[in-house]
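Here you'll find one protein chain in two forms, each presented separately as structure tokens under the names structure 1 and structure 2.
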Structure 1
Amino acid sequence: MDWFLQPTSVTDKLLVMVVAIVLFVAIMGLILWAIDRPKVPTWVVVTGFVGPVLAALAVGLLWPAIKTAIQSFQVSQAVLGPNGKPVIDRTTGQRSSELVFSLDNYSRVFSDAGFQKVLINTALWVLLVPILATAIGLIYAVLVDRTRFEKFAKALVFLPMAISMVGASIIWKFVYEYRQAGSPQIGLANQLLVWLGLEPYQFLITEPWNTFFLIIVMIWIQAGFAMTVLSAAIKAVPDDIIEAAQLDGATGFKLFRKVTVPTIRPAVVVVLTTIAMGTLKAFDVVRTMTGGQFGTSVVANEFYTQSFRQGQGGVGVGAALAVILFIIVIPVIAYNVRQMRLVEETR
């Protein structure tokens, strides 16, 4: 059964894939067959549908979450002999170590200056990206609403949503490209500075402003999502409310502030929380543009670095970062779900 549990060759992997497909077809066929059998109890059919989903969630989500939480409390510690000296493994010639439960990983995350920088950067991302992307999307939706070029204007802003995070990061990396003063600039941002008579600027490696230049990329991507949702919400505002407000003398910005924004408030909150959740998981932009260097790393990127780049010694810290990220996301998700229910109830 080694070929099935731990496939190594291409042939073994193909066999595992074939077995998985056959099992999937067999299970689905059995479920569909059971539906048409009146003698089959309802609970059996329900179990047939829900069971595979619950099993997949348990294996693919619950077990990794539990394992990560356990790893976050584990620290590698040298094994000491009766004489108080480290025990040397005779086969490897290295010090023997064992995993012990400790809060050291969490203590390190909150006390180490490097990790504190990561947490501060993540906080900046979560504060700035949702607020600015939502504000830009809302203002843009109001400005282009019912205009002659509304569809074209919306398509322009929504276009970045169709680009992958990596693709958007590469585009902006070219925008921020730096060449020394006197050399031809190929980056749009530095070319604008040169045209204004200023020196070229290293946007991606100059701390602390490089973090804000990375944040701009995420705002550029998410503004289209915000604009789309909020534009639909604005169009759903009843005309009688607008007309009543106009009869009372509310026009222009006053109408927007007193009538439109309060009416679409649940949609605004949903957009804010949805973008906040996406921002907490921001990884691609940082990884592609700076690799987390020059003080730009965020929690998701640092989790990857510690877990997969630092060897066994970084697994515990990476797990602790993942748990912290998970804890931060939970209340945002709960609030988002509650607001989405309110939006559904108002329709």
Structure 2
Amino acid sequence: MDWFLQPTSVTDKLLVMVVAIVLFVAIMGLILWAIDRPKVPTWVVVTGFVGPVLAALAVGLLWPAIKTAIQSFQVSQAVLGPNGKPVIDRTTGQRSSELVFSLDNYSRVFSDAGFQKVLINTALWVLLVPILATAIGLIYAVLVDRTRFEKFAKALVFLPMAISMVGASIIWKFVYEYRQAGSPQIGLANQLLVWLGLEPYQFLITEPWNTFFLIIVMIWIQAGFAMTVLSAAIKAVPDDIIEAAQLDGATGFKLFRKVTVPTIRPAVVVVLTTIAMGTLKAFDVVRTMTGGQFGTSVVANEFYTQSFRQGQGGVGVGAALAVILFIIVIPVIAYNVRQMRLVEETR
């Protein structure tokens, strides 16, 4: 069984993969065959369908989540021998270490000035991106609604959604590119400043404004999503309501504020919360554009750096950051699910 449990050669690994696929096909086949039998009781069918999903969730989601939560309360300490020096394995050179229960990871995350900045940045992202992206998407959807260029105008805003986050970040990195005053600018943003007669500006260096310039990238990506969903919601507002409001004298902005927005409110909330969840995971933009430098890091980026680049010492801190992210995202998801149900009820 050694080749199966600890495959080392390429042949062994391929073999394990084939075994896994065969097992999967066999089990799925068995389930599908079994549910067609009329004599099979319902609970067997239910277990057959829900069971694999629950098992997969437990192994792939629940167990790692529990493990991460445990890790966030552990720090690695060297085991000291009787002479007060670390115990070292003479054949492998490894220093023995033990995991000790500790709240140090959390206290570090909340007390260290660097981590505090990470948390503040994350809060800024989660507040600004959903609100601004939804607002821009909503206003745009209303403005282009039923105009001659509607399709083209919508496609224009929706396009950034089709670009990967890394791709979008690279595009914007070029937009923000800085060249010394007097030399030709290659970045669009700085060229605009020069045309306006201003000095070129270092968009990605200067705290705290650089965080806002990164946030713009995320808004640029997400506004298209907001616009699409909200445009559909606006079109679904019944004509008779609009007409009745118009007869009552509501026009323009008043109509928008008093009739359209309240009618599509559940859709707005779903868009807000969905973008908020996406923003909490915003890793690519920060990583690609600044690498978390210049005080722009966010929780997702810092989690990666700590967990994978700092050795054993960073694992606990990384886990603590992941747990914090998890705790922040729970109420947003709960609210999102509730609103989605409301949207469905109104249909």
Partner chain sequence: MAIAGISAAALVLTACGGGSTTPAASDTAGAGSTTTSGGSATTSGSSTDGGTVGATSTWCEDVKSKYGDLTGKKVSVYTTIVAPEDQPYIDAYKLFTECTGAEVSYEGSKEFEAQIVVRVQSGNPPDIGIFPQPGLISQLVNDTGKVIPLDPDVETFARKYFPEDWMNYGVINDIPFGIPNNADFKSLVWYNTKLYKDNGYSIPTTWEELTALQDKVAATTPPWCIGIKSGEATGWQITDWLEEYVLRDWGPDVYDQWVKHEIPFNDPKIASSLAEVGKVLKDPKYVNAGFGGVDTIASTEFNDPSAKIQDGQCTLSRQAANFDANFKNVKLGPDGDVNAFYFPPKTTDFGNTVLGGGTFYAQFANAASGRPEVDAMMYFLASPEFANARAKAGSWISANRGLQASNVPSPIQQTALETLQKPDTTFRFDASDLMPAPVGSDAEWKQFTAWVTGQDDQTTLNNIEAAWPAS
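Think of the rigid core as the biggest set of C-alphas that the two forms share within 1.5 Å after superposition. Numbering runs along the sequence of structure 1, starting at 1. Every value quoted in this text rests on a predicted model; they were computed, and no experiment measured them.
Is the form predicted alone structure 1 or structure 2?
If we ask which form is the one predicted alone, the answer is structure 1.
With the core lined up, does the C-alpha of Val45 move 2 Å or more between structure 1 and structure 2?
Shift at Val45: 2 Å or more after core fit.
Given a core-based superposition, decide whether the C-alpha of Ile88 shifts by 2 Å or more between structure 1 and structure 2.
After core superposition, the C-alpha of Ile88 moves 2 Å or more between structure 1 and structure 2.
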